[in-house]
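Below you will find one chain, with nothing else, as structure tokens; this is the form predicted alone, and questions on how it binds or moves follow later.
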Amino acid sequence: MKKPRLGFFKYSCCAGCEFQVMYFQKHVLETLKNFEFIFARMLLRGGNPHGPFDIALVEGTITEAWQADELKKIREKSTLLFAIGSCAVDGGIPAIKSTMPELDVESKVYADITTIHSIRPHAIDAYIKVDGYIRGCPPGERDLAEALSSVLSDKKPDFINYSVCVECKLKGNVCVLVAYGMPCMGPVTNAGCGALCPSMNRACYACFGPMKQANGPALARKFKMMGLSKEDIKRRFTEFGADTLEFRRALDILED
């Protein structure tokens, strides 16, 4: 049987998603053997970035116009395209700069901005249709395996769409927000990590991005009642999800 053709593309990010796929997944490597890698900078020398691809994995935030243009071409050449990692899914850490004017950000970093052509950062679905989201920083193994196996079995992938709190309940964890007063982002964060941080008695910091229709304002009010400063609350909602509607709405109450 002919192997599906796979392309892996990177924009503004640390390249940790591709590194995670190639070297740290326990079960995905067995699945990857069933794909023909056409383009992946960390895996192949050269390769064909023009496709066509049966599946494209795209990591990174769009922060320059040429990236958006290239992304649209990849979409045209790909049967399926998945956003992988928090940067591609939610804007991730690069999207922190969306909390201030682009010119101010450029001026803080560069003495001469005449050759800088950055744009306001966005997740990739601001520019193209995405067939699925493999969340996490780094991406979760469960959803990554689900995406790849769905291509092999020609079915629609079934991704996790509930909060980290559900994973805590399934594992029998004590709620660090209620029991210990930790400012945990679990109630508004999409699951997929296995409640890793709360399982170690640490507050979730939302690296999997917001759960769909998450009530960010309610959690922000809770944090205010707990005595967190305005700036501390802002940091928690902008570390990974500054480009998302769910987390931007949480910031509105800080002006009340």
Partner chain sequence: MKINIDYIARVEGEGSVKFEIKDGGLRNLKLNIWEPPRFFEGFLVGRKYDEVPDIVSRICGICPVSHMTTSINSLENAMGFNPSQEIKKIRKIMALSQIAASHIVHLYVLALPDYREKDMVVGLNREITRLVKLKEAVNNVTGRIGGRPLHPVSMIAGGFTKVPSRDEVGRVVKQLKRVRADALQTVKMIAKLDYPDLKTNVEFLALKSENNYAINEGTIITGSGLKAGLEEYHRYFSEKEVPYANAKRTVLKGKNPVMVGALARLHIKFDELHPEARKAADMIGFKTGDVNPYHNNIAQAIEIVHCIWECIELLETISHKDTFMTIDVKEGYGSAITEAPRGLLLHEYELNRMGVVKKANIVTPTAYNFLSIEESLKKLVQENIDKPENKLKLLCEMLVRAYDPCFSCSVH
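Because the structure is predicted, anything quoted here is derived from the model rather than measured. Numbering follows the first chain given and starts at 1.
Not pictured, yet referred to below: the form predicted in complex with the partner chain.
Visitor: Please check if residue 124 has a heavy atom lying within 4.5 Å of any heavy atom of the partner chain in the predicted bound form.
Guide: No, residue 124 is distant from the partner.
Visitor: May I ask you to check whether residue 112 falls inside a 4.5 Å heavy atom distance of the partner chain in the predicted bound form?
Guide: Yes.
Visitor: Is residue 56 part of the interface with the partner chain in the predicted bound form - any heavy atom within 4.5 Å?
Guide: Although the partner chain is absent here, residue 56 would stay clear of it in the predicted bound form, with no heavy atoms inside 4.5 Å.
Visitor: Can you work out whether residue 157 and the partner chain are in contact in the predicted bound form, taking contact to mean some heavy atom pair no more than 4.5 Å apart?
Guide: So residue 157 does not count as contacting the partner chain.
Visitor: Counting only non-hydrogen atoms, choose the one of 89-97, 127-135, 74-82, 157-165 that falls within 4.5 Å of the partner chain in the predicted bound form.
Guide: In short, 89-97.
Visitor: Honest question, do 175, 224 and 244 all end up within 4.5 Å of the partner chain in the predicted bound form by heavy atom distance?
Guide: No, none of the three is in contact.
Visitor: Just to make sure I understand: among 49-73, which residues lie within 4.5 Å of the partner chain in the predicted bound form, judging by heavy atoms?
Guide: Contacting residues: 63, 64, 66, 67.
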